[in-house]
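Included below are structure tokens for two forms of one protein chain, each presented in isolation as structure 1 and structure 2.
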Structure 1
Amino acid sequence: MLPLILRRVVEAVITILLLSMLVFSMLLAAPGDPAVSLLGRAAARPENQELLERMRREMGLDQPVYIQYTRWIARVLQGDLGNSNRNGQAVVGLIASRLPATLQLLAFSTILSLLIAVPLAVMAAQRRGSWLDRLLVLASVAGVAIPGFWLGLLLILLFSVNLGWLPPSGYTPFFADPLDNLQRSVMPVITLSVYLVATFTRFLRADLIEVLRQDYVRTARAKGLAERMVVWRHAMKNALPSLWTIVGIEVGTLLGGVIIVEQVFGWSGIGWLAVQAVNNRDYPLVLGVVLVIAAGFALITLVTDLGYTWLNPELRHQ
């Protein structure tokens, strides 16, 4: 187990470094000037050119790319992600203040999706080829194909504009007002859960159909065990490793894809923060958000690998 952890950690560190180099280079190659963006219209005045050059030097923009990156990564290794070019606040503090909102969406969406997808997959696998199975397969395909931003706007139009049941956008911290927080999280969670439910149902259904064909399942049925016992105690136990892997992959991917949903609903999480940073050409904040998302994805992947090894008896024995 220890060699696996070390190998995955090394791979994650290398991946994060390569990704940070790529994003850093792309930001510097993008048109525009962060100093000009920060100074605004005043940057076009001739009397402010000296101030503009001084700001570029203070921000390190006059240095070659490799020197800028080396200085930035050295600060990162010390736990310092720098300060925002826009408001001067510490990037670590800005990310820490927005991260709980994103984690709440991910946690609620994943839990809700599993509670819906697992029973649906079991029903579809037990009734393979029936009208219910075909309907669930069709619904799964539709759930994967529906764009998240379109579904989010549709929910706002229905529940906020027409019915007036839910607030259309915004985020309220849970401990500040739990009821308002839950009301505002309903539509973003539904938007994310539609895709997750469709994905989990499809994969778990396919695994259960394969498992239910195995000899040990036939033996369990021949012994007179109830069908519910056969499915939930025997078949589901062997389908769990694959389900665990899919959940880990999708949640890790969703950590980056939640940006669109947060923007649609004005949910001020880390995705919303990333969009604001890109619009303001706030290099330190963009790099900090990318680094946190990449580290989160690497951590989720590591936990997924370890969990799969533990759930799979053969791999655990090896």
Structure 2
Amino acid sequence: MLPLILRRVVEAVITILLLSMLVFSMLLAAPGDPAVSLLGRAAARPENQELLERMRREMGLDQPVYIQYTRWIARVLQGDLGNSNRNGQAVVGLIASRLPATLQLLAFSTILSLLIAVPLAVMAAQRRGSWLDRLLVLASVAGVAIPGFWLGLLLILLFSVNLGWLPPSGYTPFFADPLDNLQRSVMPVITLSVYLVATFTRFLRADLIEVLRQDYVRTARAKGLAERMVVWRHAMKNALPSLWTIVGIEVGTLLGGVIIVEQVFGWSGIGWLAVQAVNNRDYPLVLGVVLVIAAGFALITLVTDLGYTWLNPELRHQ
């Protein structure tokens, strides 16, 4: 099993390196000269041309591309993603201050979706072809197709504008005011969860239907085990590895979805930060956020792969 783990880790590192090259090439392709943007309007004055040249040299902009990349990646590995164009703050600090908000949304919606989707999928698989099953299949088809940000707007319309139960937007850190934080997280979490519940239910239902047909399930029933035991102890064990994989893939997809949902609810996480940065033309910040999210995505993929290996006895004992 160890060589397999090592191979996955090496693959993840290579992916992150390739991603960093891609991000760096965007940095080069970006319009505008970093030295000019640092100097601002003064860069246009003829007497400042020498200063501009010196700054370019100091920033290493006169070096060949591969040396620029090596220096950049060395700084990134030391946790230095540069400073924001806008206010000069360290990009790492800005991202770190917004990360908890995004992680909260991801964690809450994943947990909530599993709590809803697993029992639903079990019910649908056990009563295959019943009206309940058909209703759930229909709902999951609709749930996958509904655009998250539109759903978010409908929730605001219902719960904030019409009923006045929840605040329409904004974010309060959990430790500043736990109640307000939770209240504000209700709608974003529901918005993200609808897609997840639909996807999880769909996959787990199909998987369980397959598993419940197996001989060992028939044996378990034949020896008189309660149906609850058959499903939750025996069938679920075999459906778990593929559910784990789907959860991993979808949480990765969620990293993209959360960017839009944060925008809808003014939830100032890193997705919100990214869009602000694009609108402010704050390039170092855009690249920093992109790199962090992409690395997070690679990490989730790695953990998913390793978890799958561990959950699947055939692979575990290799």
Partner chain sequence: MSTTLSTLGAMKGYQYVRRRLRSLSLSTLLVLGWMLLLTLMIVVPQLLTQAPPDRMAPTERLQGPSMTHLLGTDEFGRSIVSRVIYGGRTSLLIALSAVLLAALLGVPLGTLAGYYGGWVDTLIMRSQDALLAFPAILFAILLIATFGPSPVNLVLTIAIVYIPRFARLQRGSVLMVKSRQYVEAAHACGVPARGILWRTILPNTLSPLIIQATLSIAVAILIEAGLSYMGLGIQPPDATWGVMLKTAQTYLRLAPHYVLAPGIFLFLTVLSMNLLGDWLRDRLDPRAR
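Take the two forms, superpose them, and find the largest set of C-alpha atoms that agree within 1.5 Å; that set is the rigid core. Quick caveat, the model's predicted, so the values are computed rather than measured. FYI, numbering is relative to structure 1, first residue = 1.
The form predicted together with its partner chain is represented by structure 2; structure 1 is the other form. Superposed on the core, the two forms barely differ at residue 299: its CA moves less than 2 Å between the two structures. CA movement of residue 22 between the two structures equals 3.7 Å, with the two forms superposed on the rigid core.
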